[in-house]
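We begin with a single chain expressed as structure tokens, specifically the form predicted alone.
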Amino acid sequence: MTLTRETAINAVLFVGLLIAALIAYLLDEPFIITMATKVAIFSIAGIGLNLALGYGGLVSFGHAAFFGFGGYVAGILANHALNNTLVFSWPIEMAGTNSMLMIWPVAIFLSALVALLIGVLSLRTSGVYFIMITLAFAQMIYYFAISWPAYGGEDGLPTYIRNSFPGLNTLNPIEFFLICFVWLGVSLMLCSAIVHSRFGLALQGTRQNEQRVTSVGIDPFRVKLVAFVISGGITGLAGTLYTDLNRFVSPSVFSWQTSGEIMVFVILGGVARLFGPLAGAALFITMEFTLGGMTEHWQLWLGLLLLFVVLYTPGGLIGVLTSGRGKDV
């Protein structure tokens, strides 16, 4: 990673989020810490989508399916642990758990598996058809969750307590923030490693010209499918953390609004910019807090800003801050 203006801005964004949370802790402002935690979680979800959208050109409007699936995995496992019941007893017995170290790998794996199943079908289409079929899958899961009374149905599923992590009090806002912040760092490093790998070059080549990629012996479908699966796993992790933050999960996490918000984070921050989702999520949460306190129609100003970004600054907030100088990921 070369030392460029964008590198410096990325570092300021990343370290600034940590400093903001620590200052809020010193000032005894748990609400500000919670806001910083939301920024970290939404950034992780945006990083997952950015891998598929920004680097793979896959305009998915169904990433809420993976975000919600990860959230429900955490909620269901925690609920069964609370009630001391089995999740299922066949073909093997599986008990609930409130250990984050157990929940995370299960949530990531199952979210990636759902992404694989959706991707195998969706990636046979392109353009607006791909957008609509990913949206359709997310809505199918949304309506299934609403009609699933065993886990709260439309009312959602409370977990009451936050899942545990060895050596930490996860109910302490600053300690839970640090968990999410570390995962944000891991997600950024993983995405950077993927983008700079040969696979990442093949993925970006597929986005630009599938015929040329095919001519050198690379299967575009497999490349896009692998990226879509990894993207789903990362987004599912964010959903798990979001359930722990709220100690509650509901079918709304599967809604198309959730998919739209995740896409807004990416577009506001900068599509195909590594730290774009972090910048976009921070801007979104800040606008929600400041403008939301003034008017219930604060989304109007968000919409105008989004329109301006799409028309005049396609590089997003990162692009504006770097004045278009050398994209650095």
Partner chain sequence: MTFTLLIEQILNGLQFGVMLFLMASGLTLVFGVMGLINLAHGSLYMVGAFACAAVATATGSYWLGLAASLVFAALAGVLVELAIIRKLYTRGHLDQVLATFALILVFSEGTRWLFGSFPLYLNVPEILSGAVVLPGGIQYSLFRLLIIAVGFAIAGGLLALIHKTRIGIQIRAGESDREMISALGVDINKLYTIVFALGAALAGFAGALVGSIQSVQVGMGEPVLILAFVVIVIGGIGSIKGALVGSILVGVVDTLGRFLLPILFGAFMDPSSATAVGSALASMLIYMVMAGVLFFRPTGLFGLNA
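Numbering follows the first chain given and starts at 1. The structure displayed is predicted, hence computed values, not measured ones.
Absent from the display: the form predicted together with the partner chain. The rest refers to it.
Relative to the partner chain in the model of the complex, residues 302, 307 and 311 are all within 4.5 Å by at least one heavy atom. Though the partner is left out of this view, residue 106 does not reach within 4.5 Å of the partner chain in the model of the complex, counting heavy atoms only. In the model of the complex, the partner chain lies farther than 4.5 Å from every heavy atom of residue 291. At a distance threshold of 4.5 angstroms between non-hydrogen atoms, residue 59 is in contact with the partner chain in the model of the complex. Within 4.5 Å of any heavy atom of the partner chain in the model of the complex lies no heavy atom of residue 247. Heavy atoms within 4.5 Å of the partner chain in the model of the complex map, among the stretches 79-87, 159-167, 173-181, 135-143, onto 135-143 alone. Contact with the partner chain in the model of the complex, defined as a heavy atom within 4.5 Å, holds for exactly one of 113, 121, 101, 94, namely 121. Proximity to the partner chain in the model of the complex, defined as a heavy atom within 4.5 Å, holds among 53, 41, 274, 282 only for 53. In the model of the complex, the residues of 142-176 lying within 4.5 Å of the partner chain by at least one heavy atom are, in order, 143, 144, 147, 148, 149.
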